[in-house]
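The chain below stands alone and is given as C-alpha cells, in the form predicted alone.
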Amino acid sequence: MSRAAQGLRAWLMQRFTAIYLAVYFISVLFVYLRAGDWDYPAWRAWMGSPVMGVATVLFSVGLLLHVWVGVRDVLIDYIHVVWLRLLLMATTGLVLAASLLWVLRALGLAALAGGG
C-alpha cells in the first residue's frame, strides 16, 4: 500500500468516526432531554442495557480512533526528532488504551448492577 493510500485511510477513518460520534451524541442528547428528570439508578439501568452498552463501546472506540489519528498526524507533522515522536506516540497510545479499559469497566459494572 502506498503512503498516499495510508493517508486516505486515516482521512476516511476520521470522517467515519466523526459521523458516528455526532449521531451517538445527538441520539443520547435527544433521549436525555426527552426523559426529563434523571436519577442515578435510572441512568445506570439505561447505560447498563445491552443496546446502549454496545453503542457506548462503539462510541468509545470511535472516539479513541479519532483522537489517535489526529494526534498521530500532528506528531508526525510537527515533531521531527524521531525518538521524541515515538515516545509521545507510545504515551498517547497507552493513555488511550487505559481510557478504553476504564470505559469497558464502567459499562461492565453498570450492566452487572442494573441493566436489562
Partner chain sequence: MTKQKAAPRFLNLLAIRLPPGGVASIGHRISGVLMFLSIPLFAWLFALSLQSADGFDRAAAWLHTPPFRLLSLLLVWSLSHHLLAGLRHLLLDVDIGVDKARARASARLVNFGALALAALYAGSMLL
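These numbers come from a predicted model, not from an experiment. Positions refer to the first chain, counted from 1.
If you look for the form predicted together with the partner chain, you will not find it shown, but the lines that follow are about it.
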Quiz item: Taking heavy atoms and a 4.5 Å cut-off, does residue 95 contact the partner chain in the predicted complex?
Solution: yes
Quiz item: Can you check whether residue 74 is within 4.5 Å of the partner chain in the predicted complex, heavy atom basis?
Solution: yes
Self-check item: Any non-hydrogen atom of residue 13 within 4.5 angstroms of the partner chain in the predicted complex
Solution: no
Exercise. Answer yes if any heavy atom of residue 67 is within 4.5 Å of a heavy atom of the partner chain in the predicted complex; otherwise answer no.
Key: yes
Self-check item: Contact test, all of 6, 83 and 86, partner the partner chain in the predicted complex, heavy atom 4.5 Å
Solution: no
Exercise. Scan 7 to 42 and note down the residues that get a heavy atom within 4.5 Å of the partner chain in the predicted complex; none is a fine answer too.
Key: 11, 15, 19, 22, 25, 26, 38, 39, 40
